[in-house]
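The chain below stands alone and is given as structure tokens, in the form predicted alone.
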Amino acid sequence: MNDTSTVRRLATRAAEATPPPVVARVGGLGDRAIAWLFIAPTIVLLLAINIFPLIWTIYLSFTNFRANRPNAAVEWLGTRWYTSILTDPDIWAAMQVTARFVVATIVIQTVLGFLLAVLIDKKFRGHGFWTTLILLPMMLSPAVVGNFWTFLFQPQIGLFNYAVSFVTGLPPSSFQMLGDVSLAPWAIAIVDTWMWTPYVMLICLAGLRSIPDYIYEAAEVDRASKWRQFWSITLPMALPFIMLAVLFRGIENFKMFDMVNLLTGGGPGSTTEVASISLKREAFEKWRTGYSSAFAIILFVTVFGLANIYVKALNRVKQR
């Protein structure tokens, strides 16, 4: 009662302190106008942070602007940069590297994440502790994870090489995960899987927990085996959540930059040079701002288009 009376007194004082003109103006507004009044600052902030840079990038993609020469004359080039990018074999090679990385990591993370979710959903003794332990990599900063795994991958002192040597019998210094052309892409995939499989597990676990128990009870009455229940109930009903996890991880891995930059920097050679690394080099090493802007717009349209098609497929699955 004391807390309620205190709140009422504070509200009364605030109302008395409000100038009459302000009270009259607010009182004459409808509910929709008041709602827009509250969300307008947020909308303006989002427009300033997201929409304006996008429009500015689109404009720069049609010019020869260079960020290291801001006072130089800006010429309108039309679609020259877009034509150059779409016919550049190096860009297509970077896109192929990106596609392989996205497909490999999504497959591995989806399978492992779903299996972990199935195990955690059993609610065995100590499942809360193991769930927290599994989620730890996801809570770390990519910079910390990158430096941590760079140390683990060192051929002389890294624990990863010694673990592989213990299992396979190979000398620890006989291979380099980050320096070998064939192993470097898998090194990045291993680190990304270690860090983000828990994220997929969480989404899949939410899907498993949303399945009503009475469906399994009805299946047991019909004498359906556990394997039959999994294929007929668990997997179909959890499929929208699995597809949602694939969508999120696909978008994030398509624009992967920090982990690749920390581990290999795009090397050795251009083996792990994904599209974001190529974009960084064009923008901040070669200072081809107009060219890199066009490249960024192409990547944006690609991700947006693929995501839009995938969301339509996801909605069809949800409607079944």
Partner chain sequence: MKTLLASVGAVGILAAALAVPATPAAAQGKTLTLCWAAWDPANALVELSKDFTAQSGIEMKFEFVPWPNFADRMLNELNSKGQLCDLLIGDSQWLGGSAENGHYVKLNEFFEAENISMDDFLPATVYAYSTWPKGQPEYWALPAMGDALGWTYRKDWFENPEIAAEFKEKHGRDLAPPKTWDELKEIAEFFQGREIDGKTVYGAAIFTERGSEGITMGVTASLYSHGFAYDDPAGSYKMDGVVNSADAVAGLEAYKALFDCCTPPGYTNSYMQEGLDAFKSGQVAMQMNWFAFFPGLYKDEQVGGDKIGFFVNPGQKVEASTLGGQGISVVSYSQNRDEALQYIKWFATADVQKKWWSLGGYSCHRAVLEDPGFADTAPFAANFLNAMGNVKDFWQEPAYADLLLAMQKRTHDYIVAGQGTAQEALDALVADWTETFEEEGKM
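Numbering follows the first chain given and starts at 1. In this text the structure is predicted, and so the values were computed from the model without any measurement.
The next section is about a form of this same protein that is not shown, the form predicted in complex with the partner chain.
- Using a 4.5 angstroms limit between non-hydrogen atoms, residue 59 is distant from the partner chain in the model of the complex.
- At least one heavy atom of residue 81 is located within 4.5 Å of the partner chain in the model of the complex.
- The closest non-hydrogen atom of residue 170 lies beyond 4.5 Å of the partner chain in the model of the complex.
- When the partner chain is considered in the model of the complex, residue 250 lies well away from it, no heavy atom lying within 4.5 Å.
- Partner contact region in the model of the complex: 170 to 178, out of 107 to 115, 226 to 234, 170 to 178, 185 to 193, criterion any non-hydrogen atom within 4.5 Å of the partner chain.
- Residues of 286 to 309 lying near the partner chain in the model of the complex, listed in sequence order, are 286, 287, 288, the criterion being any heavy atom within 4.5 Å.
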